[in-house]
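What follows are C-alpha coordinates for two forms of the same protein chain, given separately as structure 1 and structure 2.
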Structure 1
(Lines of atoms letter the chains of each structure in order from A and count residues from 1; the text may use other names and numbers.)
(Lines give C-alpha, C1' and ligand atoms only; values in the text may rest on other atoms or scores of the structure.)
Protein backbone atom coordinates (compact mmCIF):
# COMPACT_ATOMS: atom_id res chain seq x y z
CA UNK A 1 0.00 0.00 0.00
CA UNK A 2 1.30 3.42 -0.90
CA UNK A 3 2.31 5.48 2.11
CA UNK A 4 -0.13 8.32 2.73
CA UNK A 5 1.40 11.76 3.03
CA UNK A 6 -0.41 14.76 4.44
CA UNK A 7 0.63 17.87 2.50
CA UNK A 8 -0.15 21.24 4.11
CA UNK A 9 0.59 23.92 1.53
CA UNK A 10 -1.40 27.09 0.91
CA UNK A 11 -0.06 27.98 -2.52
CA UNK A 12 -2.33 26.29 -5.10
CA UNK A 13 0.28 25.89 -7.83
CA UNK A 14 3.02 24.66 -5.56
CA UNK A 15 0.63 22.39 -3.67
CA UNK A 16 -0.64 20.84 -6.87
CA UNK A 17 2.88 20.35 -8.17
CA UNK A 18 4.14 18.72 -4.99
CA UNK A 19 1.08 16.45 -4.84
CA UNK A 20 1.64 15.41 -8.46
CA UNK A 21 5.30 14.64 -7.85
CA UNK A 22 4.49 12.65 -4.73
CA UNK A 23 1.86 10.66 -6.59
CA UNK A 24 4.29 10.00 -9.41
CA UNK A 25 6.85 8.76 -6.89
CA UNK A 26 4.35 6.23 -5.56
CA UNK A 27 3.01 8.05 -2.54
CA UNK A 28 -0.59 8.86 -1.79
CA UNK A 29 -0.71 12.57 -1.00
CA UNK A 30 -3.58 14.28 0.75
CA UNK A 31 -3.35 18.00 0.24
CA UNK A 32 -4.90 20.63 2.49
CA UNK A 33 -4.45 24.34 2.00
CA UNK A 34 -5.17 25.55 5.51
CA UNK A 35 -3.42 24.96 8.77
CA UNK A 36 -6.65 24.59 10.72
CA UNK A 37 -7.69 21.74 8.42
CA UNK A 38 -4.41 20.03 9.20
CA UNK A 39 -5.27 20.30 12.90
CA UNK A 40 -8.24 17.97 12.35
CA UNK A 41 -6.17 15.30 10.61
CA UNK A 42 -5.73 11.92 12.29
CA UNK A 43 -1.97 11.36 12.60
CA UNK A 44 -2.29 7.57 12.47
CA UNK A 45 -3.69 7.81 8.92
CA UNK A 46 -0.42 9.10 7.55
CA UNK A 47 3.16 8.02 7.16
CA UNK A 48 4.55 11.57 7.01
CA UNK A 49 3.51 15.21 7.00
CA UNK A 50 4.88 17.88 4.68
CA UNK A 51 4.15 21.18 6.37
CA UNK A 52 4.58 24.66 4.95
CA UNK A 53 5.44 27.05 7.77
CA UNK A 54 3.88 30.08 6.10
CA UNK A 55 0.22 29.26 6.29
CA UNK A 56 -2.89 31.41 6.38
CA UNK A 57 -5.22 30.89 9.30
CA UNK A 58 -2.92 28.99 11.58
CA UNK A 59 0.79 29.54 11.77
CA UNK A 60 2.70 26.49 10.59
CA UNK A 61 4.59 26.18 13.86
CA UNK A 62 1.28 25.94 15.73
CA UNK A 63 0.21 23.06 13.50
CA UNK A 64 3.56 21.43 14.18
CA UNK A 65 3.15 21.87 17.93
CA UNK A 66 -0.35 20.45 17.77
CA UNK A 67 0.77 17.44 15.71
CA UNK A 68 3.69 16.76 18.03
CA UNK A 69 1.38 16.69 21.03
CA UNK A 70 -0.56 13.86 19.48
CA UNK A 71 1.98 11.73 17.65
CA UNK A 72 5.57 11.20 16.59
CA UNK A 73 4.61 11.20 12.93
CA UNK A 74 7.61 12.38 10.85
CA UNK A 75 7.21 16.02 9.89
CA UNK A 76 9.09 17.60 7.01
CA UNK A 77 8.92 21.36 7.09
CA UNK A 78 8.89 23.55 3.99
CA UNK A 79 10.22 27.02 4.58
CA UNK A 80 10.68 30.03 2.33
CA UNK A 81 12.23 31.87 5.21
CA UNK A 82 15.82 30.80 5.09
CA UNK A 83 16.50 32.10 8.57
CA UNK A 84 18.10 30.12 11.30
CA UNK A 85 15.69 31.12 14.06
CA UNK A 86 12.67 29.65 12.27
CA UNK A 87 14.51 26.43 11.45
CA UNK A 88 15.85 26.03 14.95
CA UNK A 89 12.37 26.70 16.33
CA UNK A 90 10.82 24.15 13.98
CA UNK A 91 13.39 21.53 14.94
CA UNK A 92 12.90 22.31 18.63
CA UNK A 93 9.17 21.85 18.21
CA UNK A 94 9.83 18.39 16.82
CA UNK A 95 10.16 18.78 13.06
CA UNK A 96 12.31 15.97 11.70
CA UNK A 97 13.78 17.81 8.77
CA UNK A 98 13.27 20.85 6.62
CA UNK A 99 13.55 21.78 2.98
CA UNK A 100 14.10 25.38 2.00
CA UNK A 101 12.29 26.88 -0.97
CA UNK A 102 13.11 26.83 -3.79
CA UNK A 103 13.69 23.12 -4.01
CA UNK A 104 13.76 20.55 -6.79
CA UNK A 105 11.00 17.95 -6.80
CA UNK A 106 13.68 15.25 -6.60
CA UNK A 107 15.19 17.04 -3.64
CA UNK A 108 11.91 16.95 -1.77
CA UNK A 109 11.29 13.31 -2.68
CA UNK A 110 14.77 12.39 -1.49
CA UNK A 111 14.06 14.04 1.85
CA UNK A 112 10.70 12.25 2.10
CA UNK A 113 12.27 8.86 1.30
CA UNK A 114 15.09 9.49 3.76
CA UNK A 115 12.52 10.16 6.48
CA UNK A 116 10.46 7.09 5.66
CA UNK A 117 13.56 4.88 5.66
CA UNK A 118 13.69 5.17 9.46
CA UNK A 119 17.42 5.39 9.87
CA UNK A 120 19.25 4.47 12.99
CA UNK A 121 17.38 1.20 13.34
CA UNK A 122 20.02 -1.27 14.44
CA UNK A 123 19.92 -4.14 12.00
CA UNK A 124 20.50 -7.43 13.66
CA UNK A 125 19.74 -10.96 12.82
CA UNK A 126 19.25 -12.04 9.24
CA UNK A 127 19.51 -9.63 6.31
CA UNK A 128 18.85 -10.36 2.67
CA UNK A 129 20.13 -8.41 -0.33
CA UNK A 130 19.00 -10.20 -3.45
CA UNK A 131 20.96 -13.45 -3.55
CA UNK A 132 23.14 -12.35 -0.65
CA UNK A 133 22.04 -13.43 2.81
CA UNK A 134 23.84 -12.41 5.95
CA UNK A 135 23.25 -13.34 9.60
CA UNK A 136 24.80 -10.96 12.10
CA UNK A 137 24.36 -13.29 15.05
CA UNK A 138 25.69 -16.53 13.64
CA UNK A 139 28.15 -14.53 11.52
CA UNK A 140 27.33 -16.55 8.41
CA UNK A 141 27.02 -15.44 4.80
CA UNK A 142 25.26 -17.22 1.95
CA UNK A 143 25.28 -16.42 -1.76
CA UNK A 144 22.45 -18.08 -3.68
CA UNK A 145 21.95 -20.38 -0.71
CA UNK A 146 25.55 -21.52 -0.54
CA UNK A 147 27.61 -20.68 2.50
CA UNK A 148 30.62 -18.46 1.96
CA UNK A 149 33.63 -18.58 4.26
CA UNK A 150 34.78 -15.10 5.28
CA UNK A 151 37.59 -13.96 7.55
CA UNK A 152 36.69 -11.97 10.64
CA UNK A 153 37.68 -8.66 8.99
CA UNK A 154 35.83 -9.50 5.77
CA UNK A 155 32.67 -10.35 7.65
CA UNK A 156 32.86 -7.18 9.78
CA UNK A 157 33.36 -5.17 6.63
CA UNK A 158 30.33 -6.69 4.96
CA UNK A 159 28.26 -6.32 8.11
CA UNK A 160 29.17 -2.64 8.46
CA UNK A 161 28.06 -1.98 4.88
CA UNK A 162 24.95 -4.14 5.25
CA UNK A 163 23.82 -2.20 8.30
CA UNK A 164 23.48 0.88 6.10
CA UNK A 165 22.66 -0.39 2.64
CA UNK A 166 22.83 2.11 -0.20
CA UNK A 167 24.76 4.50 1.98
CA UNK A 168 28.44 4.94 1.42
CA UNK A 169 30.91 4.60 4.25
CA UNK A 170 34.21 6.36 4.03
CA UNK A 171 37.40 4.35 3.74
CA UNK A 172 38.76 6.16 6.77
CA UNK A 173 35.77 5.15 8.89
CA UNK A 174 35.90 1.54 7.70
CA UNK A 175 39.66 1.33 8.26
CA UNK A 176 39.26 2.68 11.76
CA UNK A 177 36.21 0.64 12.75
CA UNK A 178 36.63 -2.63 10.92
CA UNK A 179 40.34 -3.30 10.60
CA UNK A 180 42.39 -4.56 13.52
CA UNK A 181 44.24 -1.46 14.73
CA UNK A 182 47.08 -3.60 16.11
CA UNK A 183 47.82 -4.92 12.68
CA UNK A 184 47.87 -3.00 9.48
CA UNK A 185 44.99 -0.54 9.71
CA UNK A 186 45.63 1.56 6.62
CA UNK A 187 43.13 2.32 3.88
CA UNK A 188 45.25 0.38 1.40
CA UNK A 189 44.85 -2.73 3.52
CA UNK A 190 41.12 -2.05 3.51
CA UNK A 191 41.08 -2.00 -0.29
CA UNK A 192 42.81 -5.38 -0.29
CA UNK A 193 40.19 -6.81 2.07
CA UNK A 194 37.37 -5.40 -0.09
CA UNK A 195 38.80 -6.91 -3.22
CA UNK A 196 39.11 -10.33 -1.52
CA UNK A 197 35.55 -10.03 -0.19
CA UNK A 198 34.19 -9.29 -3.66
CA UNK A 199 35.92 -12.36 -5.08
CA UNK A 200 34.51 -14.59 -2.33
CA UNK A 201 30.99 -13.25 -2.84
CA UNK A 202 31.18 -14.28 -6.49
CA UNK A 203 28.01 -13.23 -8.28
CA UNK A 204 27.12 -10.92 -5.40
CA UNK A 205 30.57 -9.30 -5.38
CA UNK A 206 29.28 -6.46 -7.49
CA UNK A 207 26.95 -5.46 -4.65
CA UNK A 208 29.96 -4.05 -2.85
CA UNK A 209 30.38 -0.86 -4.82
CA UNK A 210 33.27 1.55 -4.85
CA UNK A 211 32.21 5.12 -4.31
CA UNK A 212 34.53 7.67 -5.86
CA UNK A 213 36.26 9.84 -3.34
CA UNK A 214 34.37 8.26 -0.49
CA UNK A 215 34.78 4.56 0.07
CA UNK A 216 32.40 1.63 -0.26
CA UNK A 217 28.70 0.93 -0.26
CA UNK A 218 26.38 -2.03 -0.43
CA UNK A 219 24.24 -1.31 -3.48
CA UNK A 220 21.09 -3.24 -2.82
CA UNK A 221 17.39 -3.14 -2.82
CA UNK A 222 16.62 -3.75 0.82
CA UNK A 223 14.84 -7.03 1.48
CA UNK A 224 15.39 -7.15 5.19
Structure 2
Protein backbone atom coordinates (compact mmCIF):
# COMPACT_ATOMS: atom_id res chain seq x y z
CA UNK A 1 0.00 0.00 0.00
CA UNK A 2 1.34 3.44 -0.94
CA UNK A 3 2.29 5.66 2.01
CA UNK A 4 -0.46 8.22 2.57
CA UNK A 5 0.72 11.81 2.92
CA UNK A 6 -1.33 14.75 4.17
CA UNK A 7 -0.51 17.88 2.15
CA UNK A 8 -1.60 21.17 3.74
CA UNK A 9 -1.08 23.93 1.17
CA UNK A 10 -3.39 26.82 0.25
CA UNK A 11 -1.75 27.75 -3.07
CA UNK A 12 -3.88 25.92 -5.71
CA UNK A 13 -1.20 25.73 -8.37
CA UNK A 14 1.59 24.66 -6.01
CA UNK A 15 -0.66 22.19 -4.23
CA UNK A 16 -1.57 20.51 -7.51
CA UNK A 17 2.08 20.31 -8.52
CA UNK A 18 3.19 18.80 -5.20
CA UNK A 19 0.33 16.30 -5.20
CA UNK A 20 1.20 15.25 -8.75
CA UNK A 21 4.89 14.77 -7.90
CA UNK A 22 3.96 12.74 -4.84
CA UNK A 23 1.71 10.46 -6.88
CA UNK A 24 4.40 10.00 -9.53
CA UNK A 25 6.83 9.00 -6.76
CA UNK A 26 4.46 6.31 -5.49
CA UNK A 27 2.81 8.16 -2.60
CA UNK A 28 -0.88 8.71 -1.96
CA UNK A 29 -1.41 12.44 -1.25
CA UNK A 30 -4.48 13.87 0.45
CA UNK A 31 -4.56 17.62 -0.11
CA UNK A 32 -6.33 20.19 2.08
CA UNK A 33 -6.10 23.95 1.65
CA UNK A 34 -6.95 25.21 5.15
CA UNK A 35 -5.27 24.86 8.50
CA UNK A 36 -8.52 24.19 10.34
CA UNK A 37 -9.21 21.24 8.04
CA UNK A 38 -5.82 19.79 8.96
CA UNK A 39 -6.82 19.92 12.64
CA UNK A 40 -9.50 17.32 11.94
CA UNK A 41 -7.03 14.86 10.39
CA UNK A 42 -6.41 11.57 12.19
CA UNK A 43 -2.60 11.14 12.52
CA UNK A 44 -2.88 7.36 12.39
CA UNK A 45 -4.17 7.62 8.81
CA UNK A 46 -0.96 9.14 7.45
CA UNK A 47 2.74 8.36 7.14
CA UNK A 48 3.81 12.02 6.98
CA UNK A 49 2.49 15.59 6.78
CA UNK A 50 3.76 18.33 4.44
CA UNK A 51 2.69 21.57 6.11
CA UNK A 52 2.65 25.14 4.83
CA UNK A 53 2.67 27.87 7.49
CA UNK A 54 0.71 30.79 6.01
CA UNK A 55 -2.69 29.12 5.92
CA UNK A 56 -6.28 30.33 6.14
CA UNK A 57 -8.30 29.02 9.04
CA UNK A 58 -5.45 28.12 11.38
CA UNK A 59 -1.80 29.17 11.26
CA UNK A 60 0.59 26.38 10.32
CA UNK A 61 2.57 26.48 13.56
CA UNK A 62 -0.67 26.06 15.50
CA UNK A 63 -1.48 23.03 13.33
CA UNK A 64 2.00 21.66 14.08
CA UNK A 65 1.54 22.16 17.82
CA UNK A 66 -1.85 20.43 17.66
CA UNK A 67 -0.39 17.46 15.78
CA UNK A 68 2.48 17.12 18.24
CA UNK A 69 0.07 17.06 21.17
CA UNK A 70 -1.69 14.09 19.55
CA UNK A 71 1.09 12.04 17.97
CA UNK A 72 4.67 11.75 16.73
CA UNK A 73 3.58 11.78 13.07
CA UNK A 74 6.50 13.15 10.99
CA UNK A 75 5.90 16.73 9.84
CA UNK A 76 7.85 18.43 7.06
CA UNK A 77 7.29 22.19 7.03
CA UNK A 78 7.24 23.78 3.56
CA UNK A 79 7.18 27.57 3.75
CA UNK A 80 8.27 30.79 2.07
CA UNK A 81 9.28 32.09 5.50
CA UNK A 82 13.04 31.66 5.66
CA UNK A 83 13.91 33.66 8.77
CA UNK A 84 15.84 31.85 11.47
CA UNK A 85 13.31 32.62 14.20
CA UNK A 86 10.49 30.87 12.34
CA UNK A 87 12.65 27.87 11.52
CA UNK A 88 13.79 27.51 15.12
CA UNK A 89 10.24 27.87 16.41
CA UNK A 90 9.01 25.17 14.03
CA UNK A 91 11.77 22.80 15.14
CA UNK A 92 11.05 23.58 18.79
CA UNK A 93 7.41 22.68 18.24
CA UNK A 94 8.47 19.32 16.82
CA UNK A 95 8.87 19.73 13.05
CA UNK A 96 11.03 16.99 11.58
CA UNK A 97 12.30 19.02 8.64
CA UNK A 98 11.97 22.51 7.14
CA UNK A 99 12.09 23.27 3.41
CA UNK A 100 11.91 26.84 2.12
CA UNK A 101 10.09 27.98 -1.01
CA UNK A 102 10.98 28.07 -3.85
CA UNK A 103 12.30 24.52 -3.93
CA UNK A 104 13.17 21.77 -6.37
CA UNK A 105 10.56 18.97 -6.44
CA UNK A 106 13.38 16.42 -6.41
CA UNK A 107 14.64 17.86 -3.12
CA UNK A 108 11.21 17.67 -1.52
CA UNK A 109 10.71 14.08 -2.63
CA UNK A 110 14.19 13.14 -1.40
CA UNK A 111 13.44 14.59 2.02
CA UNK A 112 10.08 12.87 2.22
CA UNK A 113 11.66 9.53 1.29
CA UNK A 114 14.52 10.02 3.74
CA UNK A 115 12.09 10.79 6.55
CA UNK A 116 9.97 7.73 5.82
CA UNK A 117 13.05 5.49 5.75
CA UNK A 118 13.83 6.41 9.34
CA UNK A 119 12.43 4.33 12.19
CA UNK A 120 8.76 4.95 12.86
CA UNK A 121 8.19 7.55 15.53
CA UNK A 122 5.44 5.48 17.07
CA UNK A 123 7.72 2.48 17.01
CA UNK A 124 7.21 -0.07 19.73
CA UNK A 125 9.08 -3.17 20.74
CA UNK A 126 12.83 -3.55 20.92
CA UNK A 127 15.19 -0.91 19.56
CA UNK A 128 18.93 -1.43 19.25
CA UNK A 129 21.58 1.29 19.07
CA UNK A 130 24.95 -0.42 19.18
CA UNK A 131 25.46 -1.65 22.76
CA UNK A 132 22.30 0.13 23.91
CA UNK A 133 18.96 -1.71 23.69
CA UNK A 134 15.57 -0.66 24.94
CA UNK A 135 12.14 -2.20 24.71
CA UNK A 136 9.20 0.18 24.62
CA UNK A 137 6.64 -2.44 25.62
CA UNK A 138 8.44 -4.00 28.58
CA UNK A 139 10.11 -0.65 29.44
CA UNK A 140 13.50 -2.27 29.89
CA UNK A 141 16.97 -1.01 29.00
CA UNK A 142 20.22 -2.91 28.55
CA UNK A 143 23.79 -1.77 28.00
CA UNK A 144 26.10 -4.45 26.63
CA UNK A 145 23.54 -7.05 27.67
CA UNK A 146 23.28 -5.89 31.30
CA UNK A 147 20.00 -4.49 32.62
CA UNK A 148 19.92 -0.81 33.55
CA UNK A 149 17.40 0.43 36.10
CA UNK A 150 15.85 3.75 35.09
CA UNK A 151 13.16 5.89 36.66
CA UNK A 152 9.93 6.54 34.75
CA UNK A 153 11.13 9.96 33.64
CA UNK A 154 14.56 8.68 32.62
CA UNK A 155 13.04 5.90 30.53
CA UNK A 156 10.49 8.21 28.89
CA UNK A 157 13.26 10.66 28.09
CA UNK A 158 15.41 7.96 26.49
CA UNK A 159 12.42 6.57 24.59
CA UNK A 160 11.52 10.00 23.19
CA UNK A 161 15.07 10.40 21.88
CA UNK A 162 15.19 6.82 20.59
CA UNK A 163 12.03 7.31 18.54
CA UNK A 164 13.87 10.04 16.64
CA UNK A 165 17.51 8.94 16.50
CA UNK A 166 20.02 11.51 15.29
CA UNK A 167 17.41 14.28 15.43
CA UNK A 168 17.53 17.19 17.85
CA UNK A 169 14.57 17.54 20.21
CA UNK A 170 14.20 20.88 21.93
CA UNK A 171 14.48 21.18 25.69
CA UNK A 172 11.09 22.89 25.74
CA UNK A 173 9.41 20.02 23.88
CA UNK A 174 11.02 17.38 26.07
CA UNK A 175 10.11 19.25 29.26
CA UNK A 176 6.49 19.58 28.13
CA UNK A 177 6.03 16.06 26.78
CA UNK A 178 8.24 13.92 29.05
CA UNK A 179 8.30 15.57 32.45
CA UNK A 180 5.43 15.85 34.90
CA UNK A 181 4.35 19.54 34.70
CA UNK A 182 2.98 19.45 38.24
CA UNK A 183 6.27 18.22 39.71
CA UNK A 184 9.29 18.64 37.49
CA UNK A 185 8.28 20.19 34.18
CA UNK A 186 11.09 22.70 33.81
CA UNK A 187 13.98 22.77 31.39
CA UNK A 188 16.47 23.05 34.22
CA UNK A 189 15.08 19.91 35.82
CA UNK A 190 15.25 18.22 32.43
CA UNK A 191 18.99 18.86 32.33
CA UNK A 192 19.34 17.10 35.68
CA UNK A 193 17.46 14.05 34.39
CA UNK A 194 19.67 13.96 31.30
CA UNK A 195 22.79 14.05 33.46
CA UNK A 196 21.54 11.16 35.60
CA UNK A 197 20.49 9.19 32.53
CA UNK A 198 23.95 9.52 30.99
CA UNK A 199 25.59 8.25 34.17
CA UNK A 200 23.29 5.23 34.38
CA UNK A 201 23.92 4.34 30.73
CA UNK A 202 27.64 4.14 31.44
CA UNK A 203 29.57 3.43 28.24
CA UNK A 204 26.51 4.41 26.19
CA UNK A 205 25.90 7.66 28.05
CA UNK A 206 27.73 9.64 25.39
CA UNK A 207 25.03 8.65 22.89
CA UNK A 208 22.78 11.23 24.54
CA UNK A 209 24.27 14.27 22.87
CA UNK A 210 23.73 17.97 23.56
CA UNK A 211 22.68 20.20 20.68
CA UNK A 212 23.70 23.64 21.87
CA UNK A 213 20.91 26.19 21.76
CA UNK A 214 18.27 23.55 20.96
CA UNK A 215 18.23 20.50 23.22
CA UNK A 216 19.29 16.87 23.00
CA UNK A 217 19.49 13.99 20.53
CA UNK A 218 20.41 10.33 20.52
CA UNK A 219 23.59 10.16 18.43
CA UNK A 220 23.21 6.63 17.22
CA UNK A 221 23.26 4.36 14.21
CA UNK A 222 20.10 2.30 14.31
CA UNK A 223 20.59 -1.44 14.08
CA UNK A 224 17.85 -3.24 12.14
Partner chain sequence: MKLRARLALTLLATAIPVIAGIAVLRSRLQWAATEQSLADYALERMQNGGREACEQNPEVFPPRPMLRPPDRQPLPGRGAPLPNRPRLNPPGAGGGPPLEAPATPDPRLSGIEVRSELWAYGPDFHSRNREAPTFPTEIRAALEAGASHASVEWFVPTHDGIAVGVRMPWNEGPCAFVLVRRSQVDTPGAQQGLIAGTAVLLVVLLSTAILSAGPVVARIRALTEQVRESADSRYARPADVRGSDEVAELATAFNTAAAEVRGNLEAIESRERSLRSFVENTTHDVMVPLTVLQGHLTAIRRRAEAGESVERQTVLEALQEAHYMASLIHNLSAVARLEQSDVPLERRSVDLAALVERAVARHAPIARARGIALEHAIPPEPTVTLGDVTLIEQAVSNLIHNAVRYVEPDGHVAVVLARVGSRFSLRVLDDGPGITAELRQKVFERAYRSDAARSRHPGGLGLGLSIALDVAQRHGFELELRDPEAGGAEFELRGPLA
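Heads up, when I say rigid core I mean the largest set of C-alphas that superpose within 1.5 Å between the two forms. The model shown is predicted, which means the values in this text are computed figures rather than measured ones. Residue numbers count along the first chain shown, from 1.
- Two forms of the same chain are shown on their own. Structure 2 is the form predicted on its own.
- Core-superposed comparison between the two structures: the Cα of residue 207 travels 2 Å or more.
- Residue 145 shows a C-alpha shift of 2 Å or greater between the two structures [criterion: core-superposed Cα displacement of 2 Å].
- Comparing the forms between the two structures on their rigid core, the Cα displacement of residue 135 reaches 2 Å or more.
- The shift recorded for the CA atom of residue 168 between the two structures is 21.5 Å, with superposition on the rigid core.
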